[in-house]
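Here you get one chain, nothing else, as structure tokens; it is the form predicted alone.
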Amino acid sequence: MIELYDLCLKDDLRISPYCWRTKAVLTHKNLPFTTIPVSFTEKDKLAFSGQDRVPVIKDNGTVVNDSWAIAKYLEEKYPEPKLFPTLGIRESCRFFNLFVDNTVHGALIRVFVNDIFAHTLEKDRAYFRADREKRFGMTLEQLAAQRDANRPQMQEVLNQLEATLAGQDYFYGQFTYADLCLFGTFKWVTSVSNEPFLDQTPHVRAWWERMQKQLGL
């Protein structure tokens, strides 16, 4: 049984997009796993991994952190079903992974960061506020006031994903880790927010519904 250290909020809510990627990979590969909840301020639980960020997995004594490194490790140790089904596709998935991290997340987080804060454990709220306000250079209240103004940027990024999916079921024309990567991001949003962010992108919405059904997550 693989152990996954997983970010936890109130009511055992799990929101980390990176942990959701790992859960999606484990589910796709039919690997049994259990999760160990870790709150924002319980970084001591991760000391064994030599760093302080989730996800971290333990697999029969092997410790791996970072969702991309975990995906590569699981692909090498448990090669079927594949995450990277064709020659060279891993490099393309790595590019997509970075696009999601740097562009998609950046556009989404400004719209729904306060939804995350609303579900944060009381003991973590001061940490979350200080960390995010430093990152964005403004208070959470100021970010909330800019929610409407930040939606067009979010929509522009979603439109890029919409154009890519037009005429195909998956981002590279076949199922790959790229799809699991974005799946994790959408689980991050939908776990805490009722923001109707897919209303204007029917191809992306159809992909999202297909992925949920396919993975059962």
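A residue's number is simply how far along the shown sequence it sits, counting from 1. Because the structure is a prediction, the values reported are computed rather than measured.
One more form of this protein exists, namely the form predicted in complex with a further copy of the same chain; it is left out here, but the text below deals with it.
* To do: Would you confirm whether the three residues Phe186, Thr201 and Arg210 all fall within 4.5 Å of a further copy of the same chain in the model of the complex, going by non-hydrogen atoms?
  => Not a single listed residue reaches a further copy of the same chain in the model of the complex, so no.
* Asked: In terms of non-hydrogen atoms within 4.5 angstroms, which of the given stretches 162-170, 144-152, 33-41, 59-67 touches a further copy of the same chain in the model of the complex?
  -> Contact criterion met by 162-170 only.
* Using heavy atoms only and a 4.5 Å cut-off, determine which of Ala118, Leu140, Ile109, Ile89 is in contact with a further copy of the same chain in the model of the complex. => The option sitting close enough to the partner is Ile89.
* Asked: Does Gln174 reach a further copy of the same chain in the model of the complex, with heavy atoms at most 4.5 Å apart?
  -> Looking in the model of the complex, residue contacts with a further copy of the same chain include Gln174, since a heavy atom lies within 4.5 Å.
* **Contact of Arg132 with a further copy of the same chain in the model of the complex (heavy atom, 4.5 Å)** => Flag for Arg132 set to no.
* 4.5 Å heavy atom contact, Arg94 and a further copy of the same chain in the model of the complex -> Arg94: contacts a further copy of the same chain in the model of the complex.
* To do: Indicate whether a further copy of the same chain has at least one heavy atom within 4.5 Å of a heavy atom of Thr103 in the model of the complex.
  => Although a further copy of the same chain is absent here, Thr103 would touch it in the model of the complex, with heavy atoms inside 4.5 Å.
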